[in-house]
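Next up is one chain by itself, shown in structure tokens, the form predicted alone.
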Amino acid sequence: MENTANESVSGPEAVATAPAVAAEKNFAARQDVIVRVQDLSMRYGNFQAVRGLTFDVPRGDIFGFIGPNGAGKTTTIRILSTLLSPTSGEVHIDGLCVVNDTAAVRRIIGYMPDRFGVYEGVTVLEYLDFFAGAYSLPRGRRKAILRDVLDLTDMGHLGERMVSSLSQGMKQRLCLAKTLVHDPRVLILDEPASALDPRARIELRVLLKELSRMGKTILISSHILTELSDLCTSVAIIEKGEMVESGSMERLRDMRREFERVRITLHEPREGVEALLVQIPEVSGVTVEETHVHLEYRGSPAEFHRVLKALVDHQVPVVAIERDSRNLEKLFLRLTRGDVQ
């Protein structure tokens, strides 16, 4: 997909101001962080929805934004998406302030809300063309851009279909396609899989991984923690509008010494595997069932090779290793109290 974010258009809001451009360059030079939230607070009358949130999103990460219902996730996402102005604090996206450089920020982000509507009396291509026009994409290039977006989201065969005839999963995919028409650097997705069936969720996860490989930074809010465990490289956990913890998945696991459940599949049963593994200090809870070995591993993910080395050195025929994807659920339950605002 071609990058159209820097297309020249008329009007004072088409480009960032000179100070904003300078800030963007300085920001990028200082640190490889694309989203920076500092002491962010939001009040609605007497209700404090967000209290002093501070976190960074590294460039190119898939960043999970996690919290129970009412924690302040959607409020924070709407501030990041320039739809709300915070009561206090600062948010910068690629060096641009979401309050002072709103138009420029909107050129580099793609926002997909948790609830969205679609115009059903048009075709898929007409729907996307409307949003391409809203982003002032050149008319002569729109057809190629929209075809690229449809191919990327695996909807290339649906361009002439009426939006009203699409399934809920396809409408969700269409909303994501609309979010991509201007080739944003940062995707902000609020519960993108909330209404999808299991197959559509798997397909969405594959698509998000592909977008990450293309260099997009993705901030995703979801209550489906098992999916985020497989997807995210870093997370922020909030509760009652306050930050509980944030950082890379590996750092959070190491910090809390979370154990992983691991299943090792052998080519054939082998005696002595349990006795071998329990000698490793980081391993506990070993059970062996024919060709399946189950254990709990409490060490650093980077040091898991010690388990493999022990098996290889003793010629244990390993054919597969599966590490439990529920670590994020355990971490979430340990760090939060279940309080609501």
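All values reported here derive from a predicted model rather than from experimental measurement. In case it trips you up, residue 1 is the first one in the sequence shown, and so on.
Heads up, the form predicted together with a small molecule isn't pictured, but that's what we're talking about next.
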query	finding
T153: touches the small molecule in the predicted complex, heavy atom cutoff 4.5 angstroms	no
4.5 Å heavy atom contact, A71 and the small molecule in the predicted complex	yes
The small molecule contact in the predicted complex: A49, any heavy atom under 4.5 Å	yes
4.5 Å heavy atom contact, T75 and the small molecule in the predicted complex	yes
Region of this chain that lies against the small molecule in the predicted complex, out of 304-312, 277-285, 40-48, 54-62 [heavy atom, 4.5 Å]	40-48
